[in-house]
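Just one chain follows, in the form predicted on its own, and it is written as structure tokens.
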């Protein structure tokens, strides 16, 4: 009746409930790196789907919403808010039983998984041609940053270049063999290129496996996320792949937020950072909220003292809502302070 992408949209809409507009789900799936989208993804526990439908257009998304309404899975309530019908809630409960591999998605944490894929695919091609002493070939990845990174890898590796192909083969084989994900590795392996061998395109792989586009794309990302998690959990077992996969907390921050974080660690305040970076105070506050979400050791006491944190938590529970306006009706504090407490303690509220 509905495909996997439409099912995911319905699930995410059910999680956000009446708290946010339907556009928030579009930004979530599209991977919009705004503080609001990033915070909402964690707040409503849908961060696993962040950036998992990055090619989704606004027009396609609106078509999905229309289809869900026409099939009576959702309807428009007051103020044009999306409401999930009883029929829709029943379908929401079936998401993970219908598509069990979706449990492996960690889009919020591994939103840079395509960078990992680009590096892996190019390194595989380079290593295969190296073994066969071939130096003239067209690289499968055109991204100059990716190409330069592979050159840097070879230049700075403690291992001899001649050993890297064997390391890559051994680690990748072990990783795919021991993967927790019950999914055909062909979704990834078929697209790898080597000596006198060009990997299949995405569409060719979809045809080979007999999948629809959305099912394939979710499986491909679920596999990448699962591999990244395995590497992160046991980097010593995959020393070469661990260099390709950047999974530390700091890497999850947007580029601008990293700069703010560096200044915060030097003891700079919000106003001073704004002056240094020539950014609005509200923008620096957005960065701090993002930092609180991803850097677990980040202490928010300098912005919200402990007693006030407890008062804000109590207000959130009384409001029975994550809408800032409703929380602020109970306790008169800055929106920034509410957002910061939600970012740091959201899972516990």
Partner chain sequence: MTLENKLKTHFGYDHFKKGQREIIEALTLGKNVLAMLPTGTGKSLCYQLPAYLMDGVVVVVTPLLSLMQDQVEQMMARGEKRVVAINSFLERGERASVFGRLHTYKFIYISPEMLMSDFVVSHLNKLTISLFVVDEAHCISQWGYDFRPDYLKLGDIRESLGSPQTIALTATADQEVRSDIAQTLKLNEWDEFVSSVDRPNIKMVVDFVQDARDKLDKLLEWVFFLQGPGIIYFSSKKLAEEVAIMLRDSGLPRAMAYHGGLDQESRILIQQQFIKGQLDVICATSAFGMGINKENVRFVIHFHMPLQLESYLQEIGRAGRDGENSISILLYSPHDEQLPYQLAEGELPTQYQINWLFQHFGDRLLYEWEEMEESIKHIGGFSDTSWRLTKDFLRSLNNSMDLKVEEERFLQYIDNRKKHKRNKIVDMLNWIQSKECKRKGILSYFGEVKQNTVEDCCHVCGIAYDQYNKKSSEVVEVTPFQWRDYLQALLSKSGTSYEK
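Bear in mind that the values here come from a model prediction, so they are computed numbers and not experimental data. Numbering follows the first chain given and starts at 1.
There is also a form predicted together with the partner chain; it is not shown, and the following applies to it.
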| item | value |
| --- | --- |
| Candidate stretches 80 to 88, 258 to 266, 127 to 135, 228 to 236 - the one whose heavy atoms come within 4.5 Å of the partner chain in the predicted complex | 127 to 135 |
| Proximity of residue 192 to the partner chain in the predicted complex, heavy atoms at 4.5 Å | yes |
| In the predicted complex, residue 185 touching the partner chain (heavy atom, 4.5 Å) | yes |
| 4.5 Å heavy atom contact, residue 169 to the partner chain in the predicted complex | yes |
| Contact flag, residue 218 vs the partner chain in the predicted complex, heavy atom cut 4.5 Å | no |
| Heavy atom within 4.5 Å of the partner chain in the predicted complex - the one residue of 207, 272, 159, 72 that qualifies | 207 |
| Residue (of 200, 211, 279, 95) lying close to the partner chain in the predicted complex, criterion heavy atoms within 4.5 Å | 200 |
| Residues of stretch 283 to 298 in contact with the partner chain in the predicted complex (4.5 Å, non-hydrogen atom) | none |
